[in-house]
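Let's start with one chain on its own, the form predicted alone, as structure tokens.
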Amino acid sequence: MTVSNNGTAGDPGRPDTRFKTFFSFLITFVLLFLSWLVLSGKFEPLLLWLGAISSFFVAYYFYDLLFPDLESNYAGISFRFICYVPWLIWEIIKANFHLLYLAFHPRMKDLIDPHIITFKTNLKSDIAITTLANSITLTPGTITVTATSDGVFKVHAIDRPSAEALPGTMLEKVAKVFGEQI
């Protein structure tokens, strides 16, 4: 006896599933090849051909690694993330100046007061949790010690003002990028 799923959403033969798979492969291939071009800096025909072949095979086997569930909201998330990056860079610059102030202050030993704080977020997706954890770690003076899939973070901060600022605006911005409620 044969069982047919009559075109359900998980059907790999379904046209929209094949389109998503192809589009995911195409985006992965283009990103890999562009990265290869930028990093190699070589534009000889043989090397371009080898880079394209390598990018093709990696994209063929790992297309679902970068874009596992290609949905229509990826464009919006990508745009919001691109808008988030300049804000994050500005926060990193401000934190660098704060650490510079701490390092050269005559009472440095009194001002540096390390804390490990724990907080829970309502972030649900792994990519949002990872983005928040990496953003915290990229900001000088704070390091994400642990981040669980439940949204529980443990963060080391170099001083009390840095600890009190967590999770703060960064959590709101990351939640907004990924369309999650906080």
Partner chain sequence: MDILDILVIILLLTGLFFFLGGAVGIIRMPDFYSRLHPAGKLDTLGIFAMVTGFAVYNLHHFSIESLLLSIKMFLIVFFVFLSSPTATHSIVDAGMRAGLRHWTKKKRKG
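Fair warning: this is a prediction, and the values are worked out from it, not measured in the lab. Residue numbers count along the first chain shown, from 1. Think of the rigid core as the biggest set of C-alphas that the two forms share within 1.5 Å after superposition.
Missing here is the form predicted together with its partner chain; even so, the following discussion is about that form.
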Could you tell me if V145 has a non-hydrogen atom within 4.5 Å of its partner chain in the model of the complex? yes
Using the partner position in the model of the complex, report whether K120 sits within 4.5 Å of its partner chain, counting heavy atoms only. no
Is L26 close enough to touch its partner chain in the model of the complex, meaning at least one heavy atom pair within 4.5 Å? no
Quick check on N73: any heavy atom within 4.5 Å of its partner chain in the model of the complex? no
Residue by residue through 132-154, which ones have a non-hydrogen atom no more than 4.5 angstroms from its partner chain in the model of the complex? N134, T137, L138, T139, P140, G141, T142, I143, T144, V145, T146
So, superposing on the core, is the move of I92 at the CA at least 2 angstroms between this form and the one not shown? no
Superposing on the rigid core, is the Cα displacement of A103 between this form and the one not shown 2 Å or more? yes
C-alpha of L32 moved at least 2 Å between this form and the one not shown on rigid core: yes
